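The chain below stands alone and is given as structure tokens, in the form predicted alone.
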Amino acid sequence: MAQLKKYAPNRELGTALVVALIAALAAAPLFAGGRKDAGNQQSGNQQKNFSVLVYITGMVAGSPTYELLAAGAESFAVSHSNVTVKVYEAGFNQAEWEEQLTSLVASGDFDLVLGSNPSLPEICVNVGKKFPNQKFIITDAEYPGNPQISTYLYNQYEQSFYLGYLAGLVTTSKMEHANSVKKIGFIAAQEYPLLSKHIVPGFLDGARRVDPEITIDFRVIGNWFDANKAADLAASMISAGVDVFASIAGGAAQGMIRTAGEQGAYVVFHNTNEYKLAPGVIVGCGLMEQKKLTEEILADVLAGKIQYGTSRTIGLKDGYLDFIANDPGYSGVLPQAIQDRFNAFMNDMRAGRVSYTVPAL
């Protein structure tokens, strides 16, 4: 039976841990931490015990990306008796992330660190300098050239582009809560390069394929958990004419969704099926196959197929991004004319008939 274990974040790291960690690092040889054969197991050795640390930069609950990452790793462990998975939730204080990861890797317990965050590669570079045998794989990130790290970047410009197209159809429609102001909204937990250069521009570019006069109201919460602030921002944006929202805000997005339902607006959602969360309010959901990708990554690790130092971009054509149209939250809510136009657009996207340029990160 595979072992499924979870860590809780240590909120009492404090001075004692720092002192202990420094002492441990000083006493240990440079190659300690991380197993020497990590990521290099061959198909003939698949029964060798293999330990995976799923390092969550935040909390699992409320974040589709992290929920799917953890679910994929745990599902893989269930079907592979030699694999142990530990999920560690690092919490929302980013200043603690590197210190926490360093202490975990220093234990030498993990063959692989698996995470999903665009800012995580730089943390792993710093940790990896202390532990050169440790291997890291990070999804939703791009970082080529480091021999300890492999990354997989979802084409989030692409997903935002087609969700923006749907938002454009809705904001220019005669639907109940659509107004005459051609304005869509985006609420983010915080700014980072992938968001600023791919996700938000893609959302606006897609909407402007419907009508080039559409504008965007972009607001930042400042953290990933303050649903009340997200609600206040959404209310202000609705007053300013926004009638369709998107967000990358973790659990804080609940406030935006609640306000959209109460004051009359629509939401399109990235990465996962959330129609049931707010029927009639959430009218479109993108799909990120994070669980599928995680299972495939771990299978490749055990088979010795991972090439560290590389970064791969994946999207619609690869089967790792899509749109969820077979749900009554979409098919039973949006007017048929909007569905027909959007479905045709998605078919063109999948076939590569829609031209667009992904900005450099």
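Throughout, we count residues from 1 along the sequence that is shown. Since the model is a prediction, treat every value here as computed from it, not as a measurement.
Not pictured, yet referred to below: the form predicted together with riboflavin.
> Consider Phe92 of the chain shown here, and say whether it contacts riboflavin in the model of the complex, taking contact as heavy atoms within 4.5 Å.
Looking in the model of the complex, residue contacts with riboflavin include Phe92, since a heavy atom lies within 4.5 Å.
> Just to confirm, Pro64 within 4.5 Å of riboflavin in the model of the complex by heavy atoms?
Flag for Pro64 set to yes.
> Using the partner position in the model of the complex, report whether Thr57 sits within 4.5 Å of riboflavin, counting heavy atoms only.
Thr57: contacts riboflavin in the model of the complex.
> With the cut-off set at 4.5 Å between non-hydrogen atoms, does Gln134 touch riboflavin in the model of the complex?
No.
> Could you tell me which one of Tyr143, Trp224, Tyr275, Phe218 places a heavy atom within 4.5 Å of riboflavin in the model of the complex?
Comparing distances to riboflavin in the model of the complex, the residue within 4.5 Å is Trp224.
> Looking at Thr151, Thr171, Gln100, Asn117, which is the one with a non-hydrogen atom within 4.5 Å of riboflavin in the model of the complex?
The residue from Thr151, Thr171, Gln100, Asn117 that makes the contact is Asn117.
> Whether Gln156, Ile199 and Asn271 jointly form a contact site for riboflavin in the model of the complex is the question; each needs a heavy atom within 4.5 Å.
Yes: Gln156, Ile199 and Asn271 each sit within 4.5 Å of riboflavin in the model of the complex.
> Among the candidate stretches 177-185, 256-264, 118-126, 276-284, which one is within 4.5 Å of riboflavin in the model of the complex when only heavy atoms are counted?
Careful reading of the contacts points to 118-126.
> Taking only heavy atoms into account, state which residues of 174-195 are within 4.5 Å of riboflavin in the model of the complex, ordered by sequence.
Read in sequence order, the residues that approach riboflavin (within 4.5 Å, in the model of the complex) are Gln190, Tyr192, Leu194.
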